[in-house]
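To begin, one chain is listed below as structure tokens, in the form predicted alone.
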């Protein structure tokens, strides 16, 4: 066996195998096992305990670069809130979150439910600049910070705002965050005003948030595709409508569970090549010594 030839395999072979490993689960999701973890279960249990008299804030604090990881998370949380008839205030403290993410995701999920109404059960308040200053103002009056919604309609005339005067009326804040805005919600809104805060973030940001979680400053953390897939799993196991929904091809292939199939398969391919490369290296060294 010529170890040197095997060791210097054409890199295009690796690219091809990675491409196949990524495409196959997208075209035909495998359905690898998903086991929900405690930080994700805590948010699910919190939403599950709420009802029509409760209000939550979902803040879209991310942009297009984080879309693949955070969109599935946003969709499953919105579906859960709408199924429980929890009132939802959608907002964004990140510019592109209000312009792109919140509008698209909210509309897509709201269209799946026939018995919820804009301005009564949910509202998109749009983007507000200022981050921590905006958060602090909401403890006085949410309506004063958002006198109009994303469409420019006055919020004072919306029934939902009677259930969301300030933080005293908010059961939980969920920040879907890239960058530092999720930390602002934790450091200010939880620490100073005592509102439970959950953060859904990209996988690369998750380690820093575990420090807040373990310190008790956050009630829940959903980290990357894995956190999103765990929430989807909890939703699917609990509700028949979710089981049927996530079997629809257009939703199934964009779900976090399908994304985890892709990620897992690609990781296995990479690990196999790492093991293969190291094995061939040592075989080559032994062959050189034997000469």
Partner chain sequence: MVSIGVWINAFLTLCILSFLYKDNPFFRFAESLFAGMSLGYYIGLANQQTLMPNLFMPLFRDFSGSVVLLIPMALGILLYFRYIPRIAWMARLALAVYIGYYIGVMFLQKLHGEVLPQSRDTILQLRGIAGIDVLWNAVFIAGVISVLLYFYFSAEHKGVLGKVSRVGIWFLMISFGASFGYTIMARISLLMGRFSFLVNDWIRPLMGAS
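Between two forms, the rigid core is defined as the largest C-alpha subset superposing within 1.5 Å. Residue numbers count along the first chain shown, from 1. Just so it is clear, the structure is predicted and the values come from calculations on it, not from any experiment.
Below: the form predicted in complex with the partner chain, not depicted.
Of the heavy atoms in residue 262, some are within 4.5 Å of the partner chain in the predicted bound form.
At the 4.5 Å threshold, heavy atoms of residue 126 reach the partner chain in the predicted bound form. None of the heavy atoms of residue 163 is located within 4.5 Å of the partner chain in the predicted bound form.
Although the partner is absent here, residue 242 lies well away from the partner chain in the predicted bound form, with no heavy atom inside 4.5 Å. Listed residues 47, 57, 236, 225 were compared with the partner chain in the predicted bound form; 225 is the one with a heavy atom within 4.5 Å.
Picking from 81-89, 147-155, 109-117, 167-175 the stretch near the partner chain in the predicted bound form, with a 4.5 Å limit on heavy atoms, gives 147-155. Taking the partner chain as it sits in the predicted bound form, the stretch 65-89 comes within 4.5 angstroms of it through a non-hydrogen atom at 65, 66, 68, 69.
After superposition on the rigid core, displacement of the C-alpha of residue 28 between the shown form and the other one amounts to 2 Å or more.
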